[in-house]
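Two forms, one chain: they're shown below as structure tokens, one block per form, named structure 1 and structure 2.
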Structure 1
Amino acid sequence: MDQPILTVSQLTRQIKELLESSFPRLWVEGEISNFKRHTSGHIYFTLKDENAQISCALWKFRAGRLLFQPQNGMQVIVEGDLQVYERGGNYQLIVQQMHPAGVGSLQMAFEQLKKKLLAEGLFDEAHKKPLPLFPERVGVITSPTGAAIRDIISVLKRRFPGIEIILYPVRVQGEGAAEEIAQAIADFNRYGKVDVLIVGRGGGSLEDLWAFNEEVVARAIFKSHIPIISAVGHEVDFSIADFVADRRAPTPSAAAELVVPNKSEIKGQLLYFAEKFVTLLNKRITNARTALENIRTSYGFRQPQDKVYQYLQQVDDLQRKIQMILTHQLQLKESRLETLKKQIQSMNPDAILERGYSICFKDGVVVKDVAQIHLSDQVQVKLFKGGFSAQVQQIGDKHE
């Protein structure tokens, strides 16, 4: 054979060199399927459309830079290099970067994190802490050079002069900004000597405000024991920090207005209440004086002795009435007692004996019938005065 014989490895290597040199870095759009995140941190998936598919790999160090979470069924645009995997004898796309198709990666990351934290309850009203009415010390977490801190200081000093402001300077955009903000919140909580925190910055693009959409900031806000006002961007801007914070202010200036009341307004209210209190007090005093004058000019106050005599007379009248009632009741009781006495006397056996009757006993038992005795029986006879014993010598008919 004139044509050289190649090993599988040689053929595959030639295909690899030809294929990889023929296709420079390219962009491909398709739908993710067979998505797998290896324990090593590398991501493997298939990119497909209705007619074809290609294997893809995204190495760990690039996967960690993604702002959103890829998943099966998601339409994406990827940039990558075509590569032949010699051991498997197949070609694949080594992905350098990935973006959601039709929507920005930042916006998708925002929506994904918002959905996740909402499901965990970090936005629930039950977790919102009330703001103090009159804070003495306010902590501010923002850039030391931005317009936000100047606006906050200006409003606080105007509304409540003398309030203490503690600035914790941080970066508010760029790499590492979110970690600085989260660390500042944790440090203020350890410090524990501020009544409320303002966390925020001035307006900007979604990229500029992204540090306040990071999960690390959201969880730091949620863990804070100090009430937090989120003041990120302009009125139309919303961040993840806004949803987690205890209160959301549309601007840093508005946050400062939420933190402290207007001293002049409070002074006006105090003056109003003071005047109202004086008016009410004067009215109470006038009413008390009127009542006192009525007492002073009353008959009882002017003629106390007559009043006492009237009460004494009433006491005498009551005493007479009581005496009459008691006398009448006593007479009734005496009459009833006399009647009972006569009834008792009439039932006395001695009264019957006094009239000439006697009582015959045999062996201590009253004899009521001649059938109770026999001839020669000894009986005792009780008279009104004294008594005697006798022997039965004759028994007459019981009807005699």
Structure 2
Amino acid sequence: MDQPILTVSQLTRQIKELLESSFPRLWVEGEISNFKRHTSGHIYFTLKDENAQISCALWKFRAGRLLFQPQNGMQVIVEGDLQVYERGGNYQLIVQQMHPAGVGSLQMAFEQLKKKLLAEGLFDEAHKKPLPLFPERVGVITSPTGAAIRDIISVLKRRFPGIEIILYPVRVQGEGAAEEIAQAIADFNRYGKVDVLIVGRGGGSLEDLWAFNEEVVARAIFKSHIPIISAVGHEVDFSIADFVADRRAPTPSAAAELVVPNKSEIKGQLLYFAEKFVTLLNKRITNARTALENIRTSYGFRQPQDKVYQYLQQVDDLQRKIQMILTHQLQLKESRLETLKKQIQSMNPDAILERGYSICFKDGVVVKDVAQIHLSDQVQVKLFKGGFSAQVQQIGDKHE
């Protein structure tokens, strides 16, 4: 036996050298199975097809860079290096990069994140904040050099010249862009003085727009207390940010238009208010006048008037009564007066004289007693008609 005897280690070493040099960087397509994420963060799985399988390992530091989440049953293209694991006596594929087969990995990542955030409720209508009608200050998070910022500013100023614009310049693509955008959203919330935020950028490839599909941006938008309008790329581009934002604008210009109403439209609205107020006030005054007229002529309001008339009538009645009473009394008095007159008249001596009596006066005093006179006294005698003087010749008995 000329064949040298190898140790296991020697053999394995030879296999390792042979295999690893024969299979430099390679790309394999297969289905993921036995997917395991170790507590260390490394990922182990088996790539298989109908007839064969190969173990794969994805180290932690590379696993973190994957845009999508690998799962069992997923068809993937793995880029990696073949490695013999001497201690285990097996060979495996050390994964450098992995893409979903069929669709691009960005597309896959997009769908996966969308599904995840949707399940978490980040896209729920209930979380959407209404945009302010007339923001005083607008925050803009975008690149300071792109077409987007130019479009946004020109539209805002055209529509509402007095509006305040606060720009937060960020990188909108490349490594770290998503973190910058998320930070800017958080900073605006801390700053607190803007009424609405526009977050976006102009058009580009899916890779260019990628920052707006990252979870960190989605979470920052969701957490924002300030309403956010997303404006990423063109009309056809939908980003994760669009789904989380309170409002999606198809383009940055459109976002600016959503933020502020047209000045001429507001002027029209104000004019409408002014006309309406004048009309309504006039109507109100007319109504009041009519109402007043109605009240004046209403039964209720006529009631007191009736009372007055009733009182007046009563007064009239009373007056009549008083007059009647007065008249009656006057008549009474008059009749009494008549009686008195008659009485007085009945005492008039003329009436007695008329009946044939006469009155004798001595020195103007009626002589009622013979004691008042002496013989030869001159007396005057008054008759009913006329009178005469006489001399006393004889005085009769007192009791005669």
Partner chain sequence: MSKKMTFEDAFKRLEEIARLLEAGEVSLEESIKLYEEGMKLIEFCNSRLEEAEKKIQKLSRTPEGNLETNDWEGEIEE
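Just so we're on the same page, rigid core means the largest C-alpha set that superposes within 1.5 Å between forms. None of these values were measured; they are calculated from a predicted model. Residue positions are counted from 1 along structure 1's sequence.
By the stated condition, namely the form predicted on its own, the first structure is the one that fits. With the core superposed, Lys115 shows a C-alpha displacement below 2 Å between structure 1 and structure 2. In a rigid-core overlay of the protein, Cys360 has its C-alpha displaced by at least 2 Å between structure 1 and structure 2. In the core-superposed comparison between structure 1 and structure 2, the C-alpha atom of Ala52 has shifted by less than 2 angstroms. On rigid-core superposition between structure 1 and structure 2, the C-alpha of Phe277 is found to move 3.9 angstrom.
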